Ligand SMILES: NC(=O)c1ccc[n+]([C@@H]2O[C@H](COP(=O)([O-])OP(=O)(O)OC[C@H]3O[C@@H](n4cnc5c(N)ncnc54)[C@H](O)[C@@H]3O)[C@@H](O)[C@H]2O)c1
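Below sits a lone chain in structure tokens, taken as the form predicted alone.
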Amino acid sequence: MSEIIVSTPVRNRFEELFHNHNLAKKTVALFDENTRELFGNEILDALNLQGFSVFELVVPARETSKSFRTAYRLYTQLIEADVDRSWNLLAVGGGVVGDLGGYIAASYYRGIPVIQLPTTLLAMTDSSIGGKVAINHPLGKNLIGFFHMPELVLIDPAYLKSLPQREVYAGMAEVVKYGFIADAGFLDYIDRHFQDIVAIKDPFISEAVRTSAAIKADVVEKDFREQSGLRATLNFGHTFAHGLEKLADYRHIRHGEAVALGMVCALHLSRRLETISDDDLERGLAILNKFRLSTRMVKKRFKDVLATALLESMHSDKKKVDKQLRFVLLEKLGKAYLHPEPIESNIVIAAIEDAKGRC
């Protein structure tokens, strides 16, 4: 299992941590345009001062960078720079850079080590952990990829202070998800300290990041390749979310915003199947109502979506099996399960309508 380091400033420990994990001091540093501008100089300076050989790559800061076209361009740059399998790759950024960097590392020279340095709340608590790396296809998100565990996940909560508030709230979707699926006590903590966490105040933000990362790492270690159904519980709300993202052409709604809306749908679906109580439903919705995912634009876009159109879009999700959608639902707050049977479309549509009515 990857070692997860939470430290500020983590860049000062590159040499020590790479040495401890038998990683060469030859690193491809992958940024998107935003992380290059915000953190690139200090990270590259730290690598150079600590004796690393560095080759820098930069991609546009958008979801469409997770593509065959971008990957092919990066392969060409690496080959022309004589980067071989003795190198490793440091992915600096959010989910796009982490996924793309992991995909490149998994496939280049049949696999080189990847080190994740996430700079967003969503990436620190979810996408950088667990080794699932992928690029998108026009017919669906994250359909082409690998299981490629990072050698290290380096988390510096100080980077979160650079994020726009909307990105912080979007990242909170993955944080609160862990409370819903695995830890009712953590859900209580989030409920009590929500405003301190989104304000990036310590010790609240560090506790939220550490706990989220630990829950995800524990689940991944127990079910790395999703064979028992345990790892699938990490996708609570995501079946709905991926449908929403596809309808929005992966541009007009943040992933975390879609996940938060997806969790509202999943709570209502759990209630319609009578796996949770009215009290659990209302408490779950009250926590999700703390989100400012509900900007006017996002709210309106969700309300304008036809439930039938969302269901159709959800069928492109890679998590379906034998053409059947798989839903992660709750037995109670703090305990999720993968529903073992297909759910009738009219019930799913009714849950979506319930969610639209409460959004």
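So that there is no doubt, residue numbering starts at 1 and follows the sequence shown. Keep in mind that what you see is a predicted model, and the values were worked out from it rather than measured.
Only in words, not in the display: the form predicted in complex with the ligand, which the text now covers.
Contact check for T239, E257 and S270: none of the three has a heavy atom within 4.5 Å of the ligand in the model of the complex. Only one listed stretch (181-189, 195-203, 262-270, 94-102) carries heavy atoms within 4.5 Å of the ligand in the model of the complex, and that stretch is 94-102.
Proximity to the ligand in the model of the complex, defined as a heavy atom within 4.5 Å, holds among V305, V54, L311, A61 only for A61.
Between the options L122, L90, A208, I155, the residue in contact with the ligand in the model of the complex by a heavy atom within 4.5 angstroms is L122. Taking the partner from the other structure, the ligand in the model of the complex has a heavy atom within 4.5 Å of a heavy atom of P164. Contact annotation: F39 falls within 4.5 Å of the ligand in the model of the complex, judged by heavy atom distances. Looking at N34, you'd find a heavy atom of it within 4.5 angstroms of the ligand in the model of the complex.
The shortest heavy atom separation between H148 and the ligand in the model of the complex exceeds 4.5 Å.
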